[in-house]
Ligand code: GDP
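The data below hold one chain only, encoded as structure tokens and taken in the form predicted on its own.
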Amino acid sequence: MVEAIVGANWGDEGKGKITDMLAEKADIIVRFQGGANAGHTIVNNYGKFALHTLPSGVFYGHTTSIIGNGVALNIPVLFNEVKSIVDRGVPMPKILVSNRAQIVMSYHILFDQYEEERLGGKSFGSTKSGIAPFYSDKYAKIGFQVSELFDEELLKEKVVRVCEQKNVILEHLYHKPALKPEELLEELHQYREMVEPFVCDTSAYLWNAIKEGKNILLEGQLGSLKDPDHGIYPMVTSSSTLAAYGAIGAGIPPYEIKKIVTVVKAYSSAVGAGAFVSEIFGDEADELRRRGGDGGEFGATTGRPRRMGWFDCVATKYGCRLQGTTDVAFTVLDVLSYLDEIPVCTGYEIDGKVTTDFPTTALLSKAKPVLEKMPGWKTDIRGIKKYEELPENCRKYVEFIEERIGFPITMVSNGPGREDIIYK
């Protein structure tokens, strides 16, 4: 059975924890899109980790972790990450890398930095991990696929071609030093050496695993609202964040994805620029940020303070619909326990009309949140294992949101640890 774990909103919903938890019963965990530009924070019996490329199931001895063909693969980042967890006592994970994955090159990271610099105040709030330049090259068909590392003649010819194109931009747009073909070739040789033992046809491997009845998790990065087609374009990522893309980014048939767990936070947070209707500011935001997540709401990759807001029913209903949600995992509910009353955004007012449908980006910038207040429960809910034992106002909050988004909340997370979960 194939299950996808994806985010409904702007990312940072707590997917890492849910993947780490569900991986206990999985055989294979696949990363199917994105790169090392976003992190998943995980707290388990080995400690607290921020993963960037490795799937969140690497902490179990029985799992195989796959870097799918849809991933932006930064090879040194992947292997430094493997070393960092092994150095902390985690057994060496079993990793397979798709021979069709494409490689993030050092110049992708430079181009990302140069472009953000050039745009100045109009920048996209990139994490400067080379993701947009990488995907641009992939679709312009001048990227390096892992399989190409093993064709020396092709590499020698291709590095010259890439330098010709890139150096025009470096010289005339960015006024930066040119790339040298021999240095790129050396970079590619190093990558080949690092990745060679792990490379295989992961699509064929997954096809066989499906036929053998193995349990497979597809782990998404970011959330629906960062999808390039359906998100808050242009403040989006460069790869599809939707469960449907899991079939493409892993190389499996779409009809094999039987369960789509969409992770939703009990309040809202976002990293980077872009429309965020239910956003709050000042002391109110600082307090929520300080209490939020595990050790506060700061990006797992960038350390940037996340932007905070109240729960947004409009954005979440839309995000869940696009994912094809079968189950909602509702996270960080324990964080809200300090509030007397909890505002929830139930609609957007745009040009004097209230809507519950999520609009395109140009209209979003005009939207004002319509807030309804729910009574708080003012008591610590960590450690509770049964849904019925949650305070009445806490259950009312969950059920109010479930009704407004129209998708079943089947898991409620009430703490950062693997075992802090309630099945509803």
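Residue positions are given as counts along the sequence shown, with the first one as 1. Quantities reported herein were computed from a predicted structural model and do not represent experimental measurements.
Just so it is clear, the following notes concern the form predicted in complex with this ligand, a form of the same protein that is not shown.
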Residues in which of 38-46, 57-65, 383-391, 367-375 have heavy atoms within 4.5 Å of this ligand in the predicted bound form? 38-46
I'd like to know if residue 95 sits close to this ligand in the predicted bound form, meaning any non-hydrogen atom pair within 4.5 angstroms. no
Are any of the heavy atoms in residue 332 no more than 4.5 Å from a heavy atom of this ligand in the predicted bound form? yes
Would you please decide whether residue 9 lies within 4.5 angstroms of this ligand in the predicted bound form, comparing each non-hydrogen atom pair? no
Taking any heavy atom pair closer than or equal to 4.5 Å as contact, tell me whether residue 158 reaches this ligand in the predicted bound form. no
In the predicted bound form, the residue from 166, 306, 192, 128 that sits within 4.5 Å of this ligand by heavy atoms: 306
Counting only non-hydrogen atoms and a 4.5 Å cut-off, give the residues of 1-19 close to this ligand in the predicted bound form. 12, 13, 14, 15, 16, 17
